[in-house]
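Listed next as structure tokens is one chain, alone, in the form predicted alone.
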Amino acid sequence: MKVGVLGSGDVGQALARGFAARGHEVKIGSRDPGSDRLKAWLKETRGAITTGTFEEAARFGELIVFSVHGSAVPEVLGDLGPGPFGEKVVIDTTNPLDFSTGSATLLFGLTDSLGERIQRTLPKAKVVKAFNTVSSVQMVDPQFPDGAPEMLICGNDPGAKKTVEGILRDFGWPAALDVGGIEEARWIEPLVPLWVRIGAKLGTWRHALKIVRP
């Protein structure tokens, strides 16, 4: 499969490595695809990975991973428009986090979400929220003493969610916990400021929130 990863930060790099390690072709999109930072990263990373612009990565991928900073989502979507995305599955890993007060809060929330905004801007694409509730270091081959929890996901297209669940299992997650349509992202995204506060308290960013069934 060809995978376009929009965003070359820690999340984009982690997921690009994960896909490449499993034999997929990856193009990671960046505002500066020829930067020394990305060149150095490519030299250290195995697999079929190339770099390009956001538009090149979006057009390249049969599946898209959206992993830019939450505050940059409107600008990136505004620049690209829906054309390069078509009817592709889009994994949305973004969070509308605001650290301007010194602690993690939301840029907006409870009546809207980044997941919904991405879906509205890309009406034909099949957007699935996933990976946004864990650290980049645990997204692929997660390591937890008691085993990895289910990954919370949401989206409107059942087939797309099945595709993402298959990717999650391939990446080492036991299963996905589907909480509903893309509007449920307005409840998944607000978990992340809590996750940040717990991480600061524990002194680790390798933790995850877990649903315990009776």
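Note that residue numbering begins at 1 and tracks the sequence as displayed. Since this is a predicted model, take the numbers as computed values, not measurements.
The next section is about a form of this same protein that is not shown, the form predicted together with a small molecule.
The small molecule in the predicted bound form: contacting segment from 63-71, 153-161, 40-48, 174-182, heavy atom within 4.5 Å: Stretch 63-71 is the one.
Residue 32 within 4.5 Å of the small molecule in the predicted bound form, heavy atoms: Although the small molecule is absent here, residue 32 would touch it in the predicted bound form, with heavy atoms inside 4.5 Å.
Contact label in the predicted bound form: residue 199 to the small molecule, heavy atom within 4.5 Å: Residue 199: no, not in contact with the small molecule in the predicted bound form.
Residue 119 within 4.5 Å of the small molecule in the predicted bound form, heavy atoms: Residue 119: no, not in contact with the small molecule in the predicted bound form.
is_contact(residue 140, the small molecule) in the predicted bound form, heavy atom dist at most 4.5 Å: Residue 140: no, not in contact with the small molecule in the predicted bound form.
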